[in-house]
Every structure is written in C-alpha cells, then in structure tokens.
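Quick heads-up: it's one chain on its own, the form predicted alone, in structure tokens.
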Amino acid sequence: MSGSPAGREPLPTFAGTPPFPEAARTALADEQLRRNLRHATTTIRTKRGRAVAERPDWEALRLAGAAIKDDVIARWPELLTQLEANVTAAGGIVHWARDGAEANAIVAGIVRAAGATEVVKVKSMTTQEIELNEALAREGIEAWETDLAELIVQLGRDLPSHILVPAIHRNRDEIRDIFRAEMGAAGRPAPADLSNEPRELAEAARLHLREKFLRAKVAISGANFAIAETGTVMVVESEGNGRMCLTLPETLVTVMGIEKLLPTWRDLEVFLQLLPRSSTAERMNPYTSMWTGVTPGDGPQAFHLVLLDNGRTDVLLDEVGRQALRCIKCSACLNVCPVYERVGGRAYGSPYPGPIGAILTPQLRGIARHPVDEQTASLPYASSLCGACFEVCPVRIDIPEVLIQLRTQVVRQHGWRARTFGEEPVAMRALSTAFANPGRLDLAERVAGGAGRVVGRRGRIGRLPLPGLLGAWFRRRDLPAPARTSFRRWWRSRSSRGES
C-alpha cells in the first residue's frame, strides 16, 4: 500500500481484513462500488476480447508462455545465478531477500546511503506485497506513487482493489473530490475549478507529480520481466511516469519477485504479445522501458536489484499450486470473474485480488499456519469455480484446479468443522457418508425420491422454506426433482426379471 507523508496519520493496510465471506457481504451492500466495478470490468474485458481476436495464433502464444514460465521454475537456481552475474557485470548491485522484512531493510538502507528522505515509485505489486511504503515511512522516508491510479489511492487514503487499475472502484466525481481535497497537503494543489473531465484530472496529476520527479534522488520500481541472458530488467506502462522514474533520479532500486525471470531475450517476443492484450487490451504498451546495469552519464548512476523470495520457493513445493508462479499480473482473470465484479478487490485482504489472489496469497502466506488464519484460509472459497479465469489466462494457469487443491489442504489441515465455512463442511460430510456405503446410498435415494414427489412441481424443486445455506441456494435456483425410482433400483428390478 501507499506510504503516508510526514505529519499525516498512517494510511490503511490490509491487516485486520475479515474472512472473505464477511468482507464480501460488506462490499455487496455498497451499490456505488458495484456500479463502478460493473462498468469498468465490462469495458476492459470487451476491449480485451477484440484485441485477442486479432491473433489467430493466440492459443499457441498461451502454450508458449506457459512452457517458458515452467522452464524458469525448473531452472531457478541456474537462471538466478546467471541474472546476478550479468547485472553485476553491467555495473549493478544484486541483493537477495528471503522475506519482506529483509527486502524493506535493504531498500531503506540504500535510500539512506543516497542521502534521500523521499522516493518516487513506479507502480509495483511486489512492493505492495511487502508493504514497503509503510516500512519506509517508519524510517522517516516519504514514498510518492506516480502511477495515476496509485496516486488516487494514496491521496484518497484508500486501499487498491485491482492489479492493473488500483482505483477501479472510484468514479470521476470521486477522483475530482480527492484531488481537490488532498493534493495541496502533499505538494502542488489541484486547480480550484477542477472538473471531472479525464483530461483535466490527468493534467492536475501531471503538474502535481512533475516537481517530485525533478527533485527525487531515488526511484523504486518493480519489474515485469528480467532477462537472465543479458541482465536486462523491463517495465511496461501506459502513462510515462515510469519512464520519468527510471531515467531522472541518481539511484534506481528495483524490487523483483524471483518468478519474473525469463531465460533469453528471445522469450520477450511471446510475452510482449501476451501481456498488453491481456491487461490493457493494446497491441503494445505505450512505454516499454529496459535497462541493463548503469551507463556513465546516462540515466541513474547506481542500480540495485533486490531479488525477493517471500514464500515463492515454498510455492514451488506444490506440484499443482506452483503454476501460480507463471502469473504475469495482467489482471485478465479479475475482469471476467463474477465474484470479483460484485465485491471488488479489497474484500480479498491482499494487494493480489480476484482469482489469482485467491490462489497466490494463501500460498505465499502459508495456508497451513497454526492457529488457523481464517482470512487466508477463506480465500480459496472466494470463487464459483466457473472456469472463466482459466479461459482468459495468457499463461494458462488452471486457477479452478489450484483452488480445489487449496480447499483440500484447508480441510485436511484445519478439519471439516472449520467455522469459516459454515454449513458447507457439514453438507459435504453427509454426502461423503452416504456415498461411502451402498446401503446408505440406497436409503438416501429412497428418501430423496419420496421428498421429490412431495415438493417437486412439474418435475422441479423451486424455493424451499429452509434456513441457512440450503435455503439461500434455493432462493435463486431450482433443481430437477429426484427420480421416483433410482437407476440402481430400476436396474436391479430388470435383472431380477431376467431382462437384458
């Protein structure tokens, strides 16, 4: 999350977010939030569909992207060592961080050594994951977000709710009011007559940020990709703020999750087609910035690359779950998810929202902790398992498969009575008991057939006056009435009569 300028109260964090069902219930009550999300996600996925349809080889690109990412995971030690050697040879300095606390300490030390008390930042999911801005604030260092959407979130003392568009839950009127009220306390104020027109809002942000770009000594970025073969690091963006951060300051610090590796320069051909179309629905990002170490007299004269683990090597141990490490943070899965569209990103309690957050966050945090972290353990259940996320994923992460795997881990680790999931485990246990024994199954079929004759109308069961989860399910759905005679009983009767 965004850091807090000196003298102002700390900004909110995801700490203390309740389990997903509770957070989702609160979000569903916010009608303005739902309208904003529905409009934004519908627009983005429609544009993405058109951009993807232009590529007759789209499925081949997806297969290639998945294969390259799986190759990276299989050769992590070799490729990370190669990356370190090539970054160092180009004049950069490589740091290894086991977790967020270690990475934050490394970055704070670099900023202090540069004699700076503030930094400008390129939008970075990785630094949000480790709460870098809050850590810098505790060291007396101000971190200024320069991405437009991140700036809106920071000035609005808010939490991000989308990977690509962190302020997707805000409309133009809300953004105008935030700029008018908050820009002056953080630097150049917004014009008093600022309207809600996108051009005017963007111009106000541009003028506000320009003074920060020009005086900053240190910039911090994430990375979309890093090339082991050459030591090159890359960031793609749409506004130009990243280019300013990557060229003007004297010192550049990049915090990169170790899964962002690509083996060779040629591999970029695949991902520079997959990523723009999946994220911004563009054929190419307007700004694609690459740098290899330092060049005397050109750009930052000190470059530090912080390689972050923070649970990623633990994810590697799960043969099913490790496919989450392919993720290129495009956000396509969020824009098609019926759950995300209705509750937004903050209900997930993590900078990684939506379907990918439902599998990545539990794996990075560790789903088997004791005592059970109910918020983390609830995330694999934040899905209808419709499969739309897998269909759009540019690197073919089978998110429903991983969700089921994680649900299994939750049940095995914490027991079927885990109260986070209410009546569901009770129903699953009852079904398990019935299906485990032929006699019990036969009895259950007889009871269901009799009940179907009583409550079924025209062959279907509609609304039932039942409490809890089962009653809620039937309020919006109907169900074919169970057959009066089960197939097993019908087959036995045929066999007893000698029919074939």
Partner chain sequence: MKIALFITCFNDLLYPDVGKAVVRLLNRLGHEVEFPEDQTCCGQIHFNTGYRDECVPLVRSFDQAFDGFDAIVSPSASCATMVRHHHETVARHSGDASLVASVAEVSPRVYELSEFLVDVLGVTDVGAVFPHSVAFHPTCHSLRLLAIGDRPRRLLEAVSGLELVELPGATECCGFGGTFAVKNADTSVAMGEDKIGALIGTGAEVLASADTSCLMHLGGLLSRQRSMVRVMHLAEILASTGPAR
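All of these numbers come straight from a predicted model, not from anything done at the bench. By rigid core we mean the largest C-alpha set that fits within 1.5 Å across both forms. Residue numbers count along the first chain shown, from 1.
Not on display, but discussed next: the form predicted together with its partner chain.
In terms of contact with its partner chain in the predicted complex, the residue from 212, 407, 180, 365 that brings a heavy atom within 4.5 Å is 407.
The listed set 411, 194, 125, 116 contains one residue whose heavy atoms approach its partner chain in the predicted complex to within 4.5 Å, identified as 411. For residue 137, no non-hydrogen atom is located within 4.5 Å of its partner chain in the predicted complex, even though that partner is not displayed. When contacts are judged by a 4.5 Å heavy atom cut-off, residue 35 does not count as touching its partner chain in the predicted complex. Taking non-hydrogen atoms only, residue 131 never approaches its partner chain to within 4.5 angstroms in the predicted complex. In the predicted complex, at least one heavy atom of residue 343 sits within 4.5 Å of its partner chain. Exactly one of the stretches 217-225, 183-191, 387-395, 353-361 approaches its partner chain in the predicted complex with heavy atoms within 4.5 Å, and it is 387-395. Taking its partner chain as positioned in the predicted complex, none of the residues of 148-169 brings a heavy atom within 4.5 Å of it.
In a rigid-core overlay of the protein, residue 482 has its C-alpha displaced by at least 2 Å between this form and the one not shown. Annotation: Cα of residue 445 displaced by at least 2 Å between this form and the one not shown, core superposition. Whereas the shown form places them at one spacing, the Cα atoms of residue 386 and residue 476 lie at least 3 Å farther apart in the predicted complex.
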